[in-house]
Every structure is written in C-alpha cells, then in structure tokens.
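The chain that follows stands alone, in the form predicted on its own, written as structure tokens.
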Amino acid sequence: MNSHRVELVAGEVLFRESDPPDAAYLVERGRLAITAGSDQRRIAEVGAGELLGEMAVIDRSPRTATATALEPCVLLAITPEQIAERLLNTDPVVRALLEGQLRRYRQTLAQSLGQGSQIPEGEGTEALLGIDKIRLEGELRDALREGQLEARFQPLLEIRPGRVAGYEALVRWRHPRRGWISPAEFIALAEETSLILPVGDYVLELALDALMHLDDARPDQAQFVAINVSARQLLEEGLLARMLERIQRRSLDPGRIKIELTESRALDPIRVAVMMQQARLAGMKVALDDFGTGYSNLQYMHLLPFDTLKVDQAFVRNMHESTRALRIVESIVGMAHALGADVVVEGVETAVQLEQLAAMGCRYAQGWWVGKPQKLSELRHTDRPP
C-alpha cells in the first residue's frame, strides 16, 4: 500500500472499531470524532496537523475506536511499512518508551470502557532491549559515582630503540552482577547520552595518576599516556580547558598526554581541526585513531594537524600472507610520513609483523606481542616487550 490522500465527506467513517490496522493518517484538513464502546462514546476529536490510527499500526492490534468525519476532511495515509522502517532505525530506548505509552493507553482505554485492565500482546524483544539499556545506563551512573570503573594501560612500543614509550588508557567495568561488561557496549551507551563526559573525565584522572606513578617508578623516562576522545565529547565547550587544568594541577607536562580521536561520521572536520590545533598549541599530542576502518575521507586529511596516525589492527593481520595487505600498510605509513606524522600500528601479535613494520619505518607498535592491557600497579614490569 502506497501513501495516498483520503478525502471524506461529513459523516463518513474512516475506520471502525475492530478493523485491521491498514494505515495511520495525518489530518491535513478537517476534523474527525473518535468514538469507542457499544454506545460509541466520544473519547477524542482530532484536527489538522494531528495523527490518528498510528497506535494500532505500531502494535499491530485491531482498531480500538471508530473515526468519523465531522466535516469534509483530507488525510494523508501513512503505511505500516513507513512506520516500521522508522521504528527499526530508532534507538531501542525510544522504542521501549513508546511501548510503555502504548500499554498505558490501551489499559486506560479498556478501563474507561469497562473492559477490565487487560493489555493486548505486542511487547517484544526490542522493548526489552530498550528497558535493559535504560537499566544499564542507571547502573553506569552508579558505577561512576562509586568508582567502579577501572583503568587498564596497554603499552606502545617504540620499535627502533625497542622500548615502551607510552601507554593507551582503556576503561573497564566489572558489573556487580554481570561481571565484566564489554567496553564496546557501555562506551557506546555512554556516547548516546551525556554520560560520556564524566566517563571521559574519569579516564583522564586515571591517566594522570598513571603518569605520576610512572614518574615514581621510572624517573629517568618521560613516558606518555594516550586517552580516547569521542565525537560527543568534542561537542562539549571547554573540554580542552578542563583537561589542561587537571594536567597543570599535577604539574605535569601537557606533551605527555596524547589525545586519540576516533574516525567517525559524526566528527565535523573543521571542529576537529580547530581542537587539534588548540591542543598542539597547548603542548599536547594528537592522534587520529582507527585510520582506514571508520569513515575515512582523504579530502579532509590536509585540514587535520595530527601528530600520529593509528592504523587499525585489521590491516596488520594479513600482512604476512597478503602482499596487497602489506602494500596497503606501506602506503598508509608512507602517506603519514609525507604529512610529517608518526605511525602506530595496532594489533601486532607476532615477531614477523613487528619486523615488517620496522622495515617500512613505522615508529610505534601496539598489540599483544608488545603487551596486554595491565593494571596501574603492573606497569613497572613492562620496561621491554617479550
């Protein structure tokens, strides 16, 4: 069924109670009465600019009321397919909220018509997923407040001298009931809300604590710590100022913090370029993370004044077996060097891969061959890779 306009004369019925939900309608002109029950009691009136019949379409239930034109009307029909497509692309939390509204509407209508409080079926796994996300969001807020998030630090090897030059700060969450929760799950959840801002501040504090710890353990080495900054954080005014204030409070060199920006369609290249430039003027280092697997757009590369390009682990996996994969990595490294940037290649898991990267002039390597993510107290044991 395609979208089309429906014209009614006064007194004409658009749909009746118990009819199948073949469409929803947007009233473009005119007014309709909504009646229900054996006595066709009027429960509402809708006019131009309002929707009607959408609830039955959403939960695929028979019509619970009758719609009759009070005057000549023109309506735009909205197909179930149109509604389903939009709901499919909607956040599950929004779908859960909508399901809750539908249940309350059905229950209130049934009670007002003396039909008891039975709720039609229609709640599915999507609604449950949305409810789980709402619950997890609340628990993440509790975890932040109670200090349940933990930091792990993965070493970055400077290949030529063969020493650990710094670490990437990673956040982990041990849920009191579910155990370890994947960062992909709770970081994505945090980025959907304002929670990514306190999570980011929390990780920064842990990263600065790590630098203080490293200074105590290795006073002869000035290692750096890299922290991830998301597109959502970049929208927050004063982000860089807050970071610098925390760094200065500890009397640390800003150059020992490296900001890693992950490629994303949500990143405004102009805003990112300004943030990068400001960070570099303040003495901080900037890396463009996961290069090649996000939404890389080479036309913006000349705008971004990054110090380091991080090559995603997907490329290094096949270097030993695929000449084409090896050439791609060589090309990325060459491009970065031509732009005056260093290169970090992630996912290094073998000595052969490390040798290949050294041969092409890659400066840094990261991966399980170099070292797994570790607690702060373990960092003193990773002076050199295996």
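Note that the structure is predicted; figures quoted are calculated from it, not measured. Each residue number is its position in the shown sequence, starting from 1.
Omitted here: the form predicted in complex with a small molecule. The next part is about that form.
- Taking 183, 292, 254, 72 one by one, only a single residue has any non-hydrogen atom within 4.5 Å of the small molecule in the model of the complex, and it is 183.
- Only one of 45, 349, 54, 28 lies close to the small molecule in the model of the complex, with a heavy atom inside 4.5 Å, and it is 349.
- Checking 230-238, 272-280, 138-146, 80-88 against the small molecule in the model of the complex, the stretch whose residues place heavy atoms within 4.5 Å of it is 230-238.
- Under a 4.5 angstroms non-hydrogen atom cutoff, the small molecule in the model of the complex has residue 367 among its neighbouring residues.
- With a 4.5 Å cutoff on heavy atoms, residue 172 counts as touching the small molecule in the model of the complex.
- Taking the partner from elsewhere, residue 223 is found to have every heavy atom lying beyond 4.5 Å of the small molecule in the model of the complex.
- In the model of the complex, at least one heavy atom of residue 317 sits within 4.5 Å of a heavy atom of the small molecule.
- Each of 168, 187 and 203 is positioned with at least one heavy atom within 4.5 Å of the small molecule in the model of the complex.
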